[in-house]
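What follows is one chain in structure tokens, specifically the form predicted on its own.
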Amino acid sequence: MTSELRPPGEILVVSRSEVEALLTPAACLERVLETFRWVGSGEVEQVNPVNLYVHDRSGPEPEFGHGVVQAFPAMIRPLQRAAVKWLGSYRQNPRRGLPAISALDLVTDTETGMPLALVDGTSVTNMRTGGHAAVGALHLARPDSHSVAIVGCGNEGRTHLRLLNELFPITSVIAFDVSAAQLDDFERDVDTWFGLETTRAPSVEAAVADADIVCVVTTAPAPVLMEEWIHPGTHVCAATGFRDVDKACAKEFDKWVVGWYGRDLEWIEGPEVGKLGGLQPGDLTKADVHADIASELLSGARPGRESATERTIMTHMGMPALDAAVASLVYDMAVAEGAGTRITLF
């Protein structure tokens, strides 16, 4: 992929509102699928996130959450692009009027090594997270799934629903959130996007009772969804691993699938255990995982859903390749549409 001609040292800054206007669910889903295939075929170079833990996660949670600053670097050879996401996460930041997650994506041309763009990484993260949840559901949810429960109605709850809507005939949305104001906003958006009325559930258990697909997208530090509440035939999208979802789902469900072993084993049985993903040493191992998407499900080496009654769950902590590939797509879209602000750094 060639890049636009421009003076050296000039980069394009793409804001959050511009990313949200440019990046459609359909385009994001296509790029996420491509990225999983590229990872599975060895066309991506990536380093698992570099985690700078601000606080000791084995100790009591500070007032605004256990802070972490992370770097997500990846090179996507088919795109001739590299990028790094720089992310900060504080679970309770909204209590001081700040987002729980904030991120920037720096996109680079690998032909020249020149920086191309600085893209709002929070909006990219929101969309690609919904994207990899949808890819998991493509393989694990029943094809006729039409009812979706959203537990946690923030930005990623919205993107989960928008990306799933690209693949499934959604006619029913059930929502639960501890914030009534959050539910109000979510309900308005669902009506605007899909013309659907949202059913408000009084509890998480009630929300998931009749859902074909359950999305758990919360900032809760402990499980809010329990294994015994999930009925046969249901698929669960667990955005933060087993931090807010009962880890018994991994063993008791028919299939537990991860995004890519190279990333997800880090928080299952590697150095991130006890710090990210909600697991403690010895809770789960690779032997508990049915398959990963990148190297097994997409290649057909392992099956996805095999019966209408299976209970399935997909977890993926997010890999740098997804941020790099989607941010690169946003850059190309911005150039094509004349969006963004050009600044000269050197």
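Just count from 1 along the sequence shown to find any residue number. In this text the structure is predicted, and so the values were computed from the model without any measurement.
Omitted here: the form predicted together with a small molecule. The next part is about that form.
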Contact at L140, N165 and V214 by the small molecule in the predicted bound form, all three, heavy atom at most 4.5 Å: no
Single option in T234, T108, T198, T125 placed near the small molecule in the predicted bound form, where near means a heavy atom within 4.5 Å: T125
Position in contact with the small molecule when the complex is considered in the predicted bound form, options A134, V245, A239, V148, heavy atoms within 4.5 Å: A239
Residue contact check: V258 to the small molecule in the predicted bound form, 4.5 Å heavy atom: no
G318, heavy atom within 4.5 angstroms of the small molecule in the predicted bound form: yes
Touches the small molecule in the predicted bound form: S179 (any heavy atom, 4.5 Å): yes
Contact label in the predicted bound form: V273 to the small molecule, heavy atom within 4.5 Å: no
Among 148-156, 205-213, 247-255, 189-197, the region lying within 4.5 Å of the small molecule in the predicted bound form by heavy atom distance: 148-156
